[in-house]
Structures are given as C-alpha cells and as structure tokens.
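One chain comes next, on its own, written out as structure tokens in the form predicted on its own.
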C-alpha cells in the first residue's frame, strides 16, 4: 500500500500562508499547534510526520515566520500527544557528533515506543558553516564522505548493546551482562568513538533512516543506507527515472530494493471544486512579496539579485551544477523547471513559493487522489511526502477528504497494524551487527 508522510512546517509550506486571516503568525514555536497537527495526521492513519531543520536561521525574518524549535525536542513532546504515528526529525551529519546524535535518537525511540526516524542531511550553505567554527562550506564530496562514516559509527553505537544485555536479575544482584556490550572502538578519517552508547538498544533497534538529497553523492548515500527517501520531482518521467535509478543502485549494493521507500513531495491545494482550489493557490501567490523571494532565489542560483529581472526568464549564464557546493540537486531542479517551461522570474518565484521545488497541485480531493494514484501505479513512488500549503486546514482537508478516497481504492490502510514506525513502512527490525550467531543457526 501507499506510504504517506505529513511534512509539517509552521502554518504551511507556501511562504505566504502566514498572511492568511486564518493563520497564527507565531505558531512555529507553539507546541500546541504541532500537537494538533500530529493528532490530525494520526487520525488519518498516516505512516509518519516529519520536521525539517537546519542549524542556521533560514531566511530574512521579514519574509516569513522564522525560527524553529529543535526537532527531536519537539518530537519528544509529540510522542506524548500521540500513540501510533511515526516521528521523523532532520539532523545534520556535518554539524553534529555521532555519539550525541545516536543517543538523542535512541532516547526518542525509547520515549515514543519505537516510532523514531532520522532524516539524514549534510547541510548546504556557508551560513551554517559559519555557526560552527568554519569560514567556508565543506566541499560536497567531503560532506558526503563524513556522512557515510557518521552513519556507520551511529549504527555501531546503536548496536553496542545486545538486546539481551539488560537482565534486571534482582535475586542474583546483577542488572546487566557486561559481556553483551559491544564498544565500537571506532577510529576513522572523521571520527574516533570508543563507546558503548549510554542508552540500551531501542525498540526499533535503531531509528528509521531517511535521506533527502538527490545529487549523485546523495543517491549513493541513499542506496547504501536509506530506508525511506524524500525527493523533489516535477514530472512523472523524472520521478520514474529517479525511482528506477535509486532502486537499481540499492540492488547493486546487495540490498532488496523493496526495503527503500521513495516518497516524492506534493503540495496539494485542495478545494471542493477545481476553481476553489485554484482560487486558494492564486490568493497565496498574490501574497508573496517578490523583493524577498527574488533575494532568496538569487542566493540559491549564486547570482546577484539585480541580475534577476522579474518579468524576464533566468539569465543564460548561470553556474553549472559542478560549480555548486550545496544543494546541487535542488539547484538543477529549479533551473530545469524554469528553462523547460520558459518561466519568468516572477512566475518561477510563484512556483517555488508553494513548495520550494516540490510538485504543486491544485484540485478537488478526487483530482489529488488521481494524481497520487497515477504516480504510484506508474512506478514513480512508493508513497508521498504530503506538504500542505496551509496548516492546519490543508492537512485536515487531505486527511478528511483525500485519504477516504485512497482507502476506497484499496491504496491506503484503514487502521494501524503495527506499533513501530518500521511496522508502518513494512520493514523488519534490524539484527544487531555484533550479536553472536548461535552455533545451531550457523549450519
């Protein structure tokens, strides 16, 4: 069946959503707002919810609500407000250390009863680098090599306790078996970590591993480690090509391709009629302030804002992807979209304002369900990353009107059938890499 993730961002993914009369302009730091969203998503029996993050203030605070709560802290609060839905947080391998991050996610997995997921990112942008003792952004390849070692160390730490290590033997006075600890004693290019972790192995073994980069390095990392992939694709053909490529890479590494779930993002503006949905989309686009959006686009494209004329197409002499050290795949997606549809800068700003490069769609619940089913049945997706343009109303519309249609078509669950995030995604609990194999089982 389809897998559906709710990507929660403030009062919506459209950058002008905060200007609607219904929106709370300060909701991004209100835990009750996120509890409400989590309960709506759980009411729809969605697999998971997801919080993006970056260790930098994302944009001018004049443009849209800025400042976000640290996601693993927020998800700990949401764990107590929900019972079933998975809880996925973004955390950077570039600006964290494996021991601290492995401990944080193991703790979240324990607190939530096995519902934690980690969206692994390498963090683009020199602004973040300058918050961590660096003058420049580390090179793209270096960030991904560090990420691979970071994940390897994290896996060793999560496996550093055997499942049977805690004994709780009151009569014998032995709480745990030290022989069932497996310190990694890791020494690599980027990290030296003795271990073991100071948290027992968690309900899922380790959190669901999610990845969101679509560059060549990003796809290699996903093929090696990811169990779910959040991706931005504009057309069915592009989504099919990405799907086939990533599944083939995973198979070449000896993995079962079905153990990687690919979820493109979709930003659905939903109305009772198509005209109503388009009216919402147009109202949001009218509320975009182009001076802010042009500055952001110029930063992404590595050009001066004055080189971007609102009513002309993009300049011909843009940098190549090879010259971009951060967010390579998103850069290419934006430029390809603009060139393919011959969009002016003003039109491109409107398209990006809705979903930052993710597919935007305006229509009735039936039309949204049709769009989702087409990509799913055409080998372009295992599910979708649902990115409502306005929250909470857009998530309520999806849960109350689109999900029932998907259920009637036999595409989505009516009830949760497992207790962990891995259960929701149809994935087995991973074996401990250090566990001793019984002699009888080895023959």
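All figures in this text were calculated on a predicted structure; none of them were measured in a lab. Numbering follows the first chain given and starts at 1.
If you look for the form predicted in complex with a further copy of the same chain, you will not find it shown, but the lines that follow are about it.
When a further copy of the same chain is considered in the predicted bound form, only one residue from 272, 304, 253, 167 comes within 4.5 Å through any heavy atom, namely 167. Between the options 103, 278, 346, 249, the residue in contact with a further copy of the same chain in the predicted bound form by a heavy atom within 4.5 angstroms is 103. Taken together, the three residues 3, 233 and 299 all stay farther than 4.5 Å from a further copy of the same chain in the predicted bound form, as judged by their closest heavy atom. Between 396 to 404, 414 to 422, 370 to 378, 25 to 33, the stretch whose residues reach within 4.5 angstroms of a further copy of the same chain in the predicted bound form through a non-hydrogen atom is 25 to 33.
Although the partner is absent from this view, residue 62 contacts a further copy of the same chain in the predicted bound form, with a non-hydrogen atom inside 4.5 angstroms.
With a 4.5 Å cutoff on heavy atoms, residue 172 counts as touching a further copy of the same chain in the predicted bound form.
In the predicted bound form, a further copy of the same chain sits within 4.5 Å of a heavy atom belonging to residue 192. Looking at residue 124, you'd find every heavy atom of it more than 4.5 angstroms from a further copy of the same chain in the predicted bound form. Taking a further copy of the same chain as positioned in the predicted bound form, the residues of 178 to 205 that bring a heavy atom within 4.5 Å of it are, in sequence order, 178, 181, 190, 191, 192, 193, 194, 195, 196, 197, 198, 199, 200.
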